[in-house]
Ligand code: GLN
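Encoded as structure tokens, the following chain is the form predicted alone, with no partner shown.
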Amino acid sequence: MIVSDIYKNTVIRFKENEIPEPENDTRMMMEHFLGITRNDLMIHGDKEVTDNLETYDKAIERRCTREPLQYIIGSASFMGLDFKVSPAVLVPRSDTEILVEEILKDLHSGSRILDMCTGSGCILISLMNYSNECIGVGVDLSKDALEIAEYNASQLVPDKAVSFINSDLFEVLGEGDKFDIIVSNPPYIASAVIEELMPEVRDYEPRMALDGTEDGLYFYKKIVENSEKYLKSGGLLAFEIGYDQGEAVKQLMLDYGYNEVEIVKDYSDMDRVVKGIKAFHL
């Protein structure tokens, strides 16, 4: 089969199975499994392909069931880095890059960073990659997720001071352990809404990383409530949020005495981040 026919046939199959962005997914699958680049598609469309077609076909079948592309190829791009992913972790998304970019504005050399609900480690590792002499700690309840995060750190920031802790939020942290920045992309989808999500998320991504209980705010409340013990005065607390949670999370932080609390929008003009500064105590 020639390159152009593989591309056309795959796009057709993806469209028949209502795959979002079928052309993009086809190009990524062809490059990953067949070594066919975008340039090959444009210039060498009549090139015969014989190797790895069976493996490619099996991967296409998986995608047609709506399994996330990133799980099939085993990686996801985030902040210019390639992260290993598996069904143990959420797929890193470009929306979350807004959170990282906001923190980088306030990140200084030597800062201590706590990433609560770290998952693949994409937030913490990206912050460590683009900073100097910082110390990073990632926390997650899932041991399987932490294995992925540890692998990503070993590959992407091998010379940085990054460690990971298996804990139910702050449970095993010492109260004297203070951080300059606490960041989190916690589970924030209301339980009843999960069944309405697109199949890639609803059927394949880890439920414990999605479910924010009845109102979606449970983990924000827990983290804000306990952050007093672990964040230095003048330190930054920053969250990714759902599009309709900005005012609720902002008010929660104000209620606990945070200053300069603001909501940051993403490139689609949707509320995406809430951040604030812990008050100084004289």
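Just so we're clear, the structure is a prediction, and the values are computed from it rather than from any experiment. When you see a residue number, it is the position in the sequence shown, counting from 1.
Not on display, but discussed next: the form predicted together with glutamine (GLN).
Chemist: When glutamine (GLN) is placed as it is in the predicted bound form, which of 119-127, 167-175, 106-114, 153-161 ends up with heavy atoms within 4.5 Å of it?
Modeler: Stretch with heavy atoms near the partner: 119-127.
Chemist: Just give me the single entry in 182, 76, 90, 146 that has a non-hydrogen atom within 4.5 angstroms of glutamine (GLN) in the predicted bound form.
Modeler: By the 4.5 Å criterion, the partner-contacting residue is 90.
Chemist: Is there any non-hydrogen atom of residue 187 lying within 4.5 Å of glutamine (GLN) in the predicted bound form?
Modeler: Residue 187 belongs to the contact set for glutamine (GLN).
Chemist: So, residue 134 and glutamine (GLN): in the predicted bound form, are they within 4.5 Å at any heavy atom pair?
Modeler: It does not: once glutamine (GLN) is placed as it appears in the predicted bound form, residue 134 has no heavy atom within 4.5 Å of it.
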